[in-house]
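A single chain comes next, written as structure tokens; it is the form predicted on its own.
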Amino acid sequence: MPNQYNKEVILIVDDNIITCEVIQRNLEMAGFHVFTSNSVNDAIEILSRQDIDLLITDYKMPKHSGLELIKYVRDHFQDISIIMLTGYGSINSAVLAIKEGADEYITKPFTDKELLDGVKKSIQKQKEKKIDPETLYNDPWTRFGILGQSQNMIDVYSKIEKVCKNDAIVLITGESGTGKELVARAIHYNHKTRSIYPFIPVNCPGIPASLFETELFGHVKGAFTGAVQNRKGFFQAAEKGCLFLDEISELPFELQAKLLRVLQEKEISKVGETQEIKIDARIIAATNKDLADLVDKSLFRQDLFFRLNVINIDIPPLRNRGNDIILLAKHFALKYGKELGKKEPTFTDKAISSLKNYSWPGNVRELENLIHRGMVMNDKDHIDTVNFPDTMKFNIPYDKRLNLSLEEMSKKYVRDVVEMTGGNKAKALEILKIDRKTLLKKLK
């Protein structure tokens, strides 16, 4: 039966009626829809008629135990997350519960916060496991050739939707590997008239400064030694289509004035020729640098910056895209699985946690390379942290808080490193690059 509540549904199973009522009240106040049951048989009957996202079950109950219920759920309802409630000190029962398929266990007595934290953690794990890129390819935004459902990516799609209906100059900003050219292509290929004409990408850093002018504007025969025939430049090649100037910040300063004139007058002159040629090409530029900062440092013309920055689309870094990281990882696993003739692997909880906690300096490009390498080198049917480089096995969750002082952030980082290494001070010293005396001082 479909979930008609538009919120996560939780089933609590405990033979103690008061315990059920207390947990139910706390979770309903937190925004969940809650069912309760005082026996395993009754719980199974509820499971048969109602979609459940999370099961919270006590360990000791008359007739049938919580462990038996966990076994039943894992055999019949793979997508349900499970939390086992167990008495204080009953570590053996907790271990058994995890072995049988429980995602978390909480020891009694527990606080409201401990319960809510455990529930939120289990619900989040369930959402991540359910992410299936195959079901998202029909998402209305996938026509842009980009995968992602986070709110900041939906904001990007909204801007693409607007600018692909006109010819405004667009400046795409974002870190290296975020997909700036993908966004540029989405704008071009969804334009009602220009999409049938060429999309010409120009990698500005890849062109020697001495050849930039002839590459952009073209040249005539005899314009310089080696110019044995007339040649069109990128602007003419992109006629009626789109010219994509990638890493525009690398455009030589002396050429910036000429580009500005082209954008204003919509005409060019080839090297070696004075005659002006009208051009009709949409301009999209991209950069991974802060152009406003380059303007302040006199490394980029202010007037050209203003001309390019008519519409700005800023692509968020991967570390700020939440569950998109898992969606993209599964997409790449599916993609390379098909290429290599391998079954699509599952991701362990540790792998998912590591993927989400990593800072991704190389963004989507780095993620794709990681999954590709893992698919080639891995012979198992799952991907675990053993398939990741050491920089990912030992990494600190990215913290976006900007209200901490440098000293507070330093203390937090040291604590996180020690916790991450399981209290192994030798490993912590290796990561922190400090001596033992300094570490002990900071820990105090």
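Throughout, we count residues from 1 along the sequence that is shown. Everything numeric in this text was worked out from a predicted model, so none of it was measured.
The same protein also has a form predicted together with a small molecule, omitted here; what follows describes it.
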- Select, from the options 277-285, 293-301, 70-78, 175-183, the stretch whose residues sit within 4.5 angstroms of the small molecule in the predicted complex by heavy atom distance. 175-183
- Message: Using a 4.5 angstroms cut-off on non-hydrogen atoms, would K330 count as touching the small molecule in the predicted complex?
- Response: no
- Message: Contact with the small molecule in the predicted complex for E368, defined as at least one heavy atom pair within 4.5 Å: yes or no?
- Response: yes
- Query: With the partner left out of view, is R321 within 4.5 angstroms of the small molecule in the predicted complex by any non-hydrogen atom?
  - Reply: yes
- Using heavy atoms and a 4.5 Å limit, would one call L147 a contact residue for the small molecule in the predicted complex? yes
- Of L216, V364, C242, I326, which one comes within 4.5 Å of the small molecule in the predicted complex, counting heavy atoms only? V364
